[in-house]
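Quick heads-up: it's one chain on its own, the form predicted alone, in structure tokens.
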């Protein structure tokens, strides 16, 4: 009897668990399925660890103390440096152009690695290895992963290069995702017959689109290139001016079209083949080898990390656009979209509130794989000495140094291993998302 009661209780508990699983939201189910994949879960934890290093790189490897009391005044040099870099504040005169390690503090707390990637140690220059004899004052100043030809600490470079790798991966894929979702949504939801405008508006927009593109970006290419070399804020400001010129020209054209459409012939409605145009644009971009296109662009422009991010993002949106277009072709015919249309909701509201949120699942997978690809592309460009300024230390630039010094094995092993692990774990996260987002695997 006790065994029968025990089996009945187990059956009830199992039934309750099945009911709970059926009642959970879709994303709660995805989260639970992802956690079952141990490799993907471990990869996510590793990526989170790298993200922590990227965010707090200045607090881990820096020549400046985290907090210090100097001549009776307490400073937070690492934090203050952010404001100085942005032009929001300035260093006091007594702290300008000083060697922070040589100051006599009342007290100071330094980061674990007392170097920046740009700091040179001439006593340990010419490729000093991690196991070689090093001329340092104490173990605190030891170069744990060796130095390069200029005496720059490799470990400090590796830590700060993590930030660059993550910035390139996330920002470039952010750009690609925005472009891909925008164009893919228009192509999938509107198709070739979902958008009808007056004949004059259609032809004027096609003609003046290229004119606006030229005056906004082509004619200002040198200004934008110089802004990229100066600072992020300068580039963003000039980019906003270009967008204002672009949309200003198109806005004026549409005002003219509003007047001319009163003529019966010019005011007749025509279908805008959005899907056809986006599909042909995707085919054109895909037909050009992406890596060669990126190399060609960065080779003729001034070296800039921002340019590398933008170019990778602008050339990497096609896969995302295809995925969301395919999803929208299915979603636009479902009952809830038809109900929203019957209730009189605008197409923009239906796309933003109903269609896109239900079509993002495959995009998340593409983004995970895309971040890995962007990191690998940046490392390849740095290895070739393209795109990234010479003074910026990246995993690829460290690998490039190893070509001139084959005996400096640490310059090849550590950066190469970091690239391998990061790309591999992002790919494993992508595979885990693929399995978790597949409803056919639900049990």
Partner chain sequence: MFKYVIKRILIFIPTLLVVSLLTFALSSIAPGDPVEQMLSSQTGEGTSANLQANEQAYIEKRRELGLDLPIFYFSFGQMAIPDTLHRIPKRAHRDNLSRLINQHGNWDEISDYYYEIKDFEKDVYNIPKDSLNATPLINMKDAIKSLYANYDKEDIEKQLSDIPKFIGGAPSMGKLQSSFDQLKSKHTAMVTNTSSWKNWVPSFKFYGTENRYHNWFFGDKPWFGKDDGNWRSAGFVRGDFGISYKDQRPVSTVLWEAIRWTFGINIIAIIITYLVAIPLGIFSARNKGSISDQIITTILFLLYALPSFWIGTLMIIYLCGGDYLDWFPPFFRPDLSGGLLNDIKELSYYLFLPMICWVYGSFAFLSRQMRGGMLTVLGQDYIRTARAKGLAEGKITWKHALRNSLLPIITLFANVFPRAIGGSIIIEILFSIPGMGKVGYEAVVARNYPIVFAVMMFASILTLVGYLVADILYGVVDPRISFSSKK
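In this text, all values refer to a predicted model and were calculated from it rather than measured experimentally. Positions refer to the first chain, counted from 1.
The same protein also has a form predicted in complex with the partner chain, omitted here; what follows describes it.
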Residue 48 within 4.5 Å of the partner chain in the model of the complex, heavy atoms: no
Report yes if any heavy atom of residue 131 sits within 4.5 Å of a heavy atom of the partner chain in the model of the complex; otherwise report no. no
Is there a heavy atom of residue 215 no more than 4.5 Å from a heavy atom of the partner chain in the model of the complex? yes
4.5 Å heavy atom contact, residue 433 to the partner chain in the model of the complex: no
Only one of 218-226, 97-105, 194-202, 168-176 gets a heavy atom within 4.5 Å of the partner chain in the model of the complex; which is it? 218-226
Would you confirm whether the three residues 258, 337 and 348 all fall within 4.5 Å of the partner chain in the model of the complex, going by non-hydrogen atoms? no
Contact with the partner chain in the model of the complex, heavy atom within 4.5 Å, among 42, 29, 417, 52 goes to 417
Among the candidate residues 392, 68, 376, 61, which is the single one with a non-hydrogen atom no more than 4.5 Å from the partner chain in the model of the complex? 376
Is any part of 354-385 within 4.5 angstroms of the partner chain in the model of the complex by a non-hydrogen atom, and which residues would that be? 376, 379, 380, 383, 384
